[in-house]
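Only one chain is included here, represented as structure tokens and corresponding to the form predicted on its own.
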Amino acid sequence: MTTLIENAHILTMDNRREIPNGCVLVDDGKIAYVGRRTELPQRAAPDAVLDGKGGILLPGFVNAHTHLAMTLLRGYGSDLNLQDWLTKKIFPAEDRLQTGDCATAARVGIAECLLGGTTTFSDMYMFMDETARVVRESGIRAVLCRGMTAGDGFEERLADATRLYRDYHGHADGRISVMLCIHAEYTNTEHTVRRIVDEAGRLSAGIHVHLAETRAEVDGCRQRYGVTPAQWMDNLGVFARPVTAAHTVWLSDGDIQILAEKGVHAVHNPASNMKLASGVAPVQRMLDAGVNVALGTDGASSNNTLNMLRETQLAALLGKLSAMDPTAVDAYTALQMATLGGARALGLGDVCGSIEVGKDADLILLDTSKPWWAPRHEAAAQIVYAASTEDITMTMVRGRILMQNRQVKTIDVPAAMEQMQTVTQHLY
């Protein structure tokens, strides 16, 4: 099937290129042409034509770190520090999860993603086969990993992670990828980390990890091993694999250099880090060192949304404030972190994240007819500093429209929300 999206202002997000009054031709889920309508090569009429109505077309957002099923815990355990939040609220509630709960949560979470323009999310949680099935049904793209911690049942969890990779990696027309997970330094041991790294090497899989989220995490690691969490993981060979490292708040200059040299991708989670008072990641310093930085929402219990548009705004504003420099983390950089930066962090840089010929058509369209869009100046700045998720009128993954005119096409949202309310009754 071919679809022509025309009459749109296009931000390709690959090299600061903008195409006023441009168009994109989608053929069998791939981008076949991007440019001005007048230069579109002659070919058979498309099967469908979508009028952009002068709005902005850009790649879909990539949520590079979340815990999707934590939509079940949205609003639960607010206003606590990370350790109290985890040990007194979250872990006990998660112990009460039952089969089917995460599928319910995934439907609500994916609906929220699609309404917010997210076309890809990277998930670290439990019951991942349930999430994988909902991903397959809904049409979204996802990178999944089963959370891994030390302790009783570790080998069973590792076997479960391996099975997840075998059963789902590359499935759903390539929309599902699987990584292995090291939850964090403080929830693992040298033995479990080495086991995970060895298994990742055997599978040729990447690794997703929480890294240096809090000062307490770094101080504890120094007391246990005499090094920072980044140094500890580097010493254990973790960074010999492709690694997506979430949070990266409390990094030394030496840590940043390690990430840059080893090609580790950092994922900034500004809303979650602010809510838990974990700190502000040194984003501009990482960028200056050559580290690829992506954006993520973290879970909906520590955020409390999956709103990637808000993350771009917070990333830009916090980046300036922490650096005390209004030129730091400019709007385009923040927007690229939310798109191409995220795709690269998940090993999908050649697949999505920018509007380029040959890539999958993971696209979103923004309506710019509201008062906060007038007058139109710099498109990236207006998206980051003024736009609302309500402006997002279309979300497309691999050429398939999954949300249009604020209606999700592949999920019965009211039914999913009603079921969610029932599920939460046995969690807390």
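Quick caveat: nothing in here was measured; it's all calculated off a predicted structure. Note that residue numbering follows the sequence shown and begins at 1.
From this point on, the text means the form predicted together with a further copy of the same chain, which you will not see here.
Margin query: Is Asp330 near a further copy of the same chain? Define near as a heavy atom within 4.5 Å, in the predicted bound form.
Written below: Asp330: yes, in contact with a further copy of the same chain in the predicted bound form.
Next item on the list: Although a further copy of the same chain is absent from this view, report whether Thr393 comes within 4.5 Å of it in the predicted bound form, heavy atoms only.
Entry: Output for Thr393 is no: heavy atoms all beyond 4.5 Å of a further copy of the same chain.
Notebook entry, point to check: Is there a heavy atom of Pro326 lying 4.5 Å or less from a heavy atom of a further copy of the same chain in the predicted bound form?
Noted result: Result yes; Pro326 sits at the interface with a further copy of the same chain in the predicted bound form.
Notebook entry, point to check: How about Val49: is it within 4.5 Å of a further copy of the same chain in the predicted bound form, going by heavy atoms?
Noted result: Val49 lies outside the contact set for a further copy of the same chain.
Note to self: Can you work out which of Ile258, Val351, Ala271, Ala132 has a heavy atom no more than 4.5 Å from a further copy of the same chain in the predicted bound form?
What the structure shows: Among Ile258, Val351, Ala271, Ala132, a heavy atom within 4.5 Å of a further copy of the same chain in the predicted bound form occurs only for Ala271.
Margin query: Under a 4.5 angstroms heavy atom criterion, identify the one residue in Arg241, Arg74, Arg195, His183 near a further copy of the same chain in the predicted bound form.
Written below: Selected option: Arg74.
Next item on the list: Given that the partner is absent here, state which listed stretch (158-166, 233-241, 137-145, 317-325) has heavy atoms within 4.5 Å of a further copy of the same chain in the predicted bound form.
Entry: Stretch with heavy atoms near the partner: 317-325.
Check: Mind listing which residues of 345-369 have a heavy atom within 4.5 Å of a further copy of the same chain in the predicted bound form?
Finding: Thr368, Ser369, in sequence order.
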